[in-house]
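Next comes just one chain, in structure tokens: the form predicted on its own.
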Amino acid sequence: MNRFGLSSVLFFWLLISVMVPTFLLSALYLSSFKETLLEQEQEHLSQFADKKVKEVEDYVSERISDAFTLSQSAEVIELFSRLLTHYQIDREGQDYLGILENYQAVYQQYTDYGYLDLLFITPSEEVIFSLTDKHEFDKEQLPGEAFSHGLHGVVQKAKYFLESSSSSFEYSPLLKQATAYIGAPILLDGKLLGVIVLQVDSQIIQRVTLDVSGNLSSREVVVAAKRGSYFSYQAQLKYDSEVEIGGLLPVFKLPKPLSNAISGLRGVVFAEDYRGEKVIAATRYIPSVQWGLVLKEDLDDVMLAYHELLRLSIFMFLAVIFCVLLLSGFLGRWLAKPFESMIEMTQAIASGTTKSTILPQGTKESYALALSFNQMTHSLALARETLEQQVEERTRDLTHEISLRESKERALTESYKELNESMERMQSMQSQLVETEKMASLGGLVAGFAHELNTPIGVAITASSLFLRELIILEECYKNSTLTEVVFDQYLSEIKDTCFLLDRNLKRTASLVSNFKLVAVEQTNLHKEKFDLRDLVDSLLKSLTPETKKYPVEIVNEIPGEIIINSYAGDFYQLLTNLVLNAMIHAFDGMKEGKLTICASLCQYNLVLTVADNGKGVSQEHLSCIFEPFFTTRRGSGGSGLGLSIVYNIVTHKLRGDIQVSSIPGQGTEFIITFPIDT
């Protein structure tokens, strides 16, 4: 085991007594400094964000006030009435165009006040006055929007709520810049005469958002508005000049701070911005324009002072550790000198010299240690002689035990090898028997299918021969001019009967082939598929008709038609085929009549499939081993004992379910299969 030197021990204790308190105090101070720094920055961001919200609110309120003042002006009301009258009479007439041209010159002064356009709009949403004609009347309404956006949105609010409002900034292809609309209703005697709309650009908003005074270069104001499942930035981004103001973006690209702001959550969050950078952001909602405003700073810039202080603290901490290391090394070497001679003597004893002694010297503790060491070496020499004798005896015993164990292990290895060979042979025989059983079942199914096909095909051949003979006779009568109307009707009737007989038997043949092909395809399908359980059972029973009709048994399919499951159809064919044929062979042997019922039901996420008969039943002694491989009560009559074993393996291993059997001798047997399904 490794031991620490005296210098290491001194260094350890000095480190604990000096550095741990220093480290704890430094950590507490740094933690307090970090919390204070973040709290101050959050408070500062909140105040600055409130200031920006007020600036935007004041700007929007002034613009809305301008629009409202214009809408109440008697001059505007009179001009709107005149324009509307002439517009309704003849929008291409000289009177209307003259008034339009005169007042365009009068109201051109609004372009000097920062407005791009002045619009008069009728209640039917027709523009009858415009300074520039560079406006877009987009009535498209996105999913999730209560009102349309842009110019159509402010017109709707003025019409239906008689209130002044503003729209969000949207990119205008005509003006190649972002614009917004401010609308107010024009009322005459309390009735809506029309709507006046002012179009503004985003320059004022840009100045508000770009004015971010502070000592951090990463500070930025981001403003956005939401439209249904889309959003748009309302001011130019500082770090992404390619983003268009008012351009629609999918809402899943909305950063978390902006999402909080648009949702009306007021606060300060730590999250990622549109660049994916960690930021501290103050979120505010501007209700007058329904915008979200975020004032953010990069978290790395905010924490710069903290990181500088942290680096200085780490440097001082390492310097103190270096000084403690030098001091502990000096003291350790001074105190360790008396023990060096003892170390040399102990190494000699460790190499085998147990009769060595050392001279007691040094401090009181080292003197006592030397005396104790001399006594220990004497006792060690005696113990060594005794131990060598015991080791020699024990070695002889262990050698004998090892030889015995090796012989037993060789015998076990041979036995294990023989057992593995026996298991492999047994598994090979079982696989061969299973394949033989499948081929025998397939042979019986094919033989029955061929027998069923023989009758309709034979009838079809006979009918076609008869049809040909009747046609030949009819042709001869026609050529000999002996064909009368009575003879023609007689042969025509016989030909119709022959065609009907031929058609019915060929359809019967096609139905048999279709069912047989469906069974063959489904039994080779190794993938899951959706299927109707009742249709599958009907198809199976039709394909098994050549076998089941040999027995006086009525097979009833009581499965509801609405059970659609996603599973292995081939496995269902296999297990139901084995259960049905097993019942035919064992349950109704020697009986005059019987009934076999197949039903199913859904229980939560499980399917319960029941196959019950009223046959002979199974005795209790056979019931416990009915699913064991090669167990059969008809060993001398061709039974292999693998039918129900295959059913058990399909249910438990492939379908991951459970199968239960109950029987009363003389009354019948019931198989209940339960397994999870994917509906």
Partner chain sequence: MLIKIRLSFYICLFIIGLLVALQACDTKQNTKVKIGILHSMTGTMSFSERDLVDVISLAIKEINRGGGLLGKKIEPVLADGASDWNIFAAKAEKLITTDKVAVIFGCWTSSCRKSVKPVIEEHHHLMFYPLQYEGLELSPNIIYTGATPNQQIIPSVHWALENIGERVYLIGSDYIFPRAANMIIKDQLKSRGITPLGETYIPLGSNDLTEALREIAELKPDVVVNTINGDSNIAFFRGISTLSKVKVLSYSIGEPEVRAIGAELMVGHFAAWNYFQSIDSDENKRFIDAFKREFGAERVVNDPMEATYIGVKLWAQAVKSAGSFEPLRIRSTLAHQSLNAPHGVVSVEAISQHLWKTVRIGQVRDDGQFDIVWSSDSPIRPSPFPTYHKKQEWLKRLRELELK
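If you superpose the two forms and keep the largest set of C-alpha atoms that fall within 1.5 Å, you have the rigid core. Everything quoted here is computed from the prediction, not taken from an experiment. Residue numbers count along the first chain shown, from 1.
Note that the form predicted together with its partner chain isn't included here; everything after this is about it.
Undergrad: Using a 4.5 Å heavy atom cut-off, which residue among 322, 160, 605, 488 comes into contact with its partner chain in the model of the complex?
TA: Checking each option against its partner chain in the model of the complex, the one that comes within 4.5 Å is 160.
Undergrad: Name the single residue among 377, 132, 111, 290 that comes within 4.5 Å of its partner chain in the model of the complex, judging by heavy atoms.
TA: Of the candidates 377, 132, 111, 290, 290 is the one lying within 4.5 Å of its partner chain in the model of the complex.
Undergrad: Should residue 262 be counted as a contact of its partner chain in the model of the complex, where contact means heavy atoms within 4.5 Å?
TA: Output for residue 262 is yes: heavy atoms within 4.5 Å of its partner chain.
Undergrad: Whether residue 92 contacts its partner chain in the model of the complex should be assessed with a 4.5 Å heavy atom distance threshold; does it?
TA: So residue 92 does not count as contacting its partner chain.
Undergrad: Answer for residue 68 alone: is it within 4.5 Å of its partner chain in the model of the complex, judged on heavy atom distances?
TA: Residue 68: yes, in contact with its partner chain in the model of the complex.
Undergrad: Would residue 642 count as a contact of its partner chain in the model of the complex, using a 4.5 angstroms cut-off between non-hydrogen atoms?
TA: No.
Undergrad: Choose one stretch from 620-628, 22-30, 607-615, 649-657: the one whose residues place a heavy atom within 4.5 angstroms of its partner chain in the model of the complex.
TA: Comparing against its partner chain in the model of the complex, the contact stretch is 22-30.
Undergrad: For a quick test of understanding: in the model of the complex, does each of 551, 598 and 676 have a heavy atom within 4.5 Å of its partner chain?
TA: No: no residue has a heavy atom within 4.5 Å of the partner.
Undergrad: Since the partner is left out here, which residues of 185-202 would have a heavy atom within 4.5 Å of its partner chain in the model of the complex?
TA: Counting only heavy atoms within 4.5 Å of its partner chain in the model of the complex, the contacting residues of 185-202 are 187, 189, 190, 191, 192.
Undergrad: So, superposing on the core, is the move of residue 26 at the CA at least 2 angstroms between the shown form and the other one?
TA: Comparing forms between the shown form and the other one, the residue 26 CA shifts at least 2 Å.
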